[in-house]
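Starting off, we have a lone chain in the form predicted on its own, written out as structure tokens.
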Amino acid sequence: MSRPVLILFAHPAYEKSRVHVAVAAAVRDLPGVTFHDLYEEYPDLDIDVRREQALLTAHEVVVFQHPFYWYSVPPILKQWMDLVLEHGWAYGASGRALEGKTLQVAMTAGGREQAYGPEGFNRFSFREFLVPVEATARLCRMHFAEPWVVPGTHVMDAAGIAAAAESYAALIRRLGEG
């Protein structure tokens, strides 16, 4: 891969997720990919800001991989954003560390796709729920890639999970190739 990819993985109940286990396995060892499990690295939630900033500096593509968690990101990923994306480093007049890099969201949702839209149970689309993440990318002068979403994981069979894992690996390879 010509563009190194950093996957920031956050799943508060990883051992229960059939889909994330499969999609993580599909990308974890790809060349040029750094798979960084935030809950594994920081079980006490004490995030090493300088270490995380160094990881961001070393990669051109940043992927937030997580389940759709209470209409947002899991708590450790929100905390990571709050602490790591500092004014004067990630944004602000002198904060240009992430300028030109790509931010990709890769998430799963238990509900089916039709539940997410103006006529659906949740009334808003996935893209609408992700506006805060997109705004964060824009603030940091990053390119916000079209989110990759796997809905309906609660009813997904083994073939669907395998297809999602293959699709995700292909996405990560494309992102790495630029």
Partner chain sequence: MQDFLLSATVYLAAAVIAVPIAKRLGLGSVLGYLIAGVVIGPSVLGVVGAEGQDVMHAAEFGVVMMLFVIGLELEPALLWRLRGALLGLGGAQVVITMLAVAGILAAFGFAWQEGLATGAILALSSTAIVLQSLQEKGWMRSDAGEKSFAVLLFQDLAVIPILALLPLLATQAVVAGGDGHGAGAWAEHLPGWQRALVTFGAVAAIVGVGRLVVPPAFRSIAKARLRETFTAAALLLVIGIAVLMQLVGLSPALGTFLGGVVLATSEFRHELESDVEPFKGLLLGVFFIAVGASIDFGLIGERLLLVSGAVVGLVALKFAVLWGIGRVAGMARDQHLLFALALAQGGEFGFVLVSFATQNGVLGEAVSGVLVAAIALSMAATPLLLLFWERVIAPRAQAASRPVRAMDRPESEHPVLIVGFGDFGSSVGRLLTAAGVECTVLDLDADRVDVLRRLGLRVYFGDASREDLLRSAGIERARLVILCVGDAAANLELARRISHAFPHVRVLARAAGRLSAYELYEAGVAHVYRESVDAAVRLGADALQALGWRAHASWRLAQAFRKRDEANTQRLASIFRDQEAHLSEARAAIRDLERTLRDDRLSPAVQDEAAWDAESLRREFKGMTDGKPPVPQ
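Residue numbers count along the first chain shown, from 1. The structure presented is a predicted model; accordingly, all values stated were derived computationally and were not measured.
Heads up, the form predicted together with its partner chain isn't pictured, but that's what we're talking about next.
Chemist: Applying a 4.5 Å heavy atom distance criterion, does residue 170 contact its partner chain in the predicted bound form?
Modeler: No - in the predicted bound form, heavy atoms of residue 170 and its partner chain never come within 4.5 Å of each other.
Chemist: Indicate whether its partner chain has at least one heavy atom within 4.5 Å of a heavy atom of residue 163 in the predicted bound form.
Modeler: Residue 163: no, not in contact with its partner chain in the predicted bound form.
Chemist: Answer yes if any heavy atom of residue 146 is within 4.5 Å of a heavy atom of its partner chain in the predicted bound form; otherwise answer no.
Modeler: No, residue 146 is distant from the partner.
Chemist: Would residue 157 count as touching its partner chain in the predicted bound form under a 4.5 Å heavy atom rule?
Modeler: So residue 157 does not count as contacting its partner chain.
Chemist: Does its partner chain, in the predicted bound form, lie within 4.5 angstroms of each residue among 83, 93 and 139, using heavy atoms as the measure?
Modeler: Checked in the predicted bound form: all three residues contact its partner chain.
Chemist: For the interface check, one of 57 to 65, 116 to 124, 149 to 157, 41 to 49 should have non-hydrogen atoms within 4.5 Å of its partner chain in the predicted bound form; which one?
Modeler: Contact criterion met by 41 to 49 only.
Chemist: Quick one: which residues from 5 to 26 get a non-hydrogen atom within 4.5 Å of its partner chain in the predicted bound form?
Modeler: In sequence order, 14, 15, 21 come within 4.5 Å of the partner.
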